[in-house]
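We begin with a single chain expressed as structure tokens, specifically the form predicted alone.
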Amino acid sequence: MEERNVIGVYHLTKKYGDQYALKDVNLQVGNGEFVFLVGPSGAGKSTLLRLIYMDEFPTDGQVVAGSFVSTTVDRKKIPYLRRKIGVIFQDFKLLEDRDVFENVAIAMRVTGEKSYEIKKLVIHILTQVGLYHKRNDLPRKLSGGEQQRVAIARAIVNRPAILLADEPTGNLDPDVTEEILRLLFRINSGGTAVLMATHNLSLVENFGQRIVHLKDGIIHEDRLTGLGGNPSDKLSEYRWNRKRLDKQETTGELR
């Protein structure tokens, strides 16, 4: 895999009035890398993601996402950037009046893809995320985990080089959280760089991935959590340990 950065954030500052959301942030994400962006609510995680996909722009500093540079980008070309970056939101942002197939297909329709290509790829992606059998259902008929998988399918259907995930497991129970993480790891194994924001440090501590800790708009720590290995294997360990602790708490065996 080519060694290069697909995301570059340089001396980034973002202010809203007199309040700093981010202060002199520097961050690079390599091609095919998986990075957890952790920190409490209000730390600046969502702001940083919005700046990366250029929904907002820095007060000072620079963002580079693929070949797009925040200080020189033609605002009319930002929709082309969005074709290179997939974004997953905590609240899904699905179209309630359209079925699962159309919620995913819309990401391709706006790029002008031909109908037969849309059908072929959407079916493939829905199969990949385990939702082909739900393709004709409206979002209100889906569980939270299923809605999040639709959101992931929509984010990856254009085969982006970068996937940004903003608290994608924040509203989900532990079993569904594990399912979503497993899916994100699988997407990453195909070569897509993933930057996932979460407030849950204990969730991501043991997967051997890079963790960037953001607090009060400042990066306080940037580290690897272990020696690597297969994240799916570590997810299985995480499940076993979680269920063991749950059982101990239920039976009173935990000391």
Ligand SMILES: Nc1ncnc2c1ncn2[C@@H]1O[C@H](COP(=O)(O)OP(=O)(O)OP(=O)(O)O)[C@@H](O)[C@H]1O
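Every value quoted in this text rests on a predicted model; they were computed, and no experiment measured them. Just count from 1 along the sequence shown to find any residue number.
What comes next is about the form predicted in complex with the named molecule, which does not appear here.
**Q** Would residue 171 count as touching the named molecule in the model of the complex under a 4.5 Å heavy atom rule?
**A** Residue 171: no, not in contact with the named molecule in the model of the complex.
**Q** Residue 31 near the named molecule in the model of the complex, any heavy atom under 4.5 Å?
**A** Residue 31: no contact with the named molecule in the model of the complex.
**Q** Counting only non-hydrogen atoms and a 4.5 angstroms cut-off, does residue 191 reach the named molecule in the model of the complex?
**A** Heavy-atom contact with the named molecule at 4.5 Å: absent for residue 191.
**Q** Given that the named molecule is not shown alongside this chain, does residue 67 nevertheless sit within 4.5 Å of it in the model of the complex, heavy atom to heavy atom?
**A** No, residue 67 stays farther than 4.5 Å from the named molecule in the model of the complex.
**Q** Mind telling me which stretch in 59-67, 43-51, 183-191, 201-209 gets its heavy atoms within 4.5 Å of the named molecule in the model of the complex?
**A** Looking at the partner contacts, the answer comes out as 43-51.
**Q** For the three residues 21, 90 and 167, verify that every one has a non-hydrogen atom within 4.5 Å of the named molecule in the model of the complex; reply yes or no.
**A** Judged in the model of the complex, 21, 90 and 167 all sit within 4.5 Å of the named molecule.
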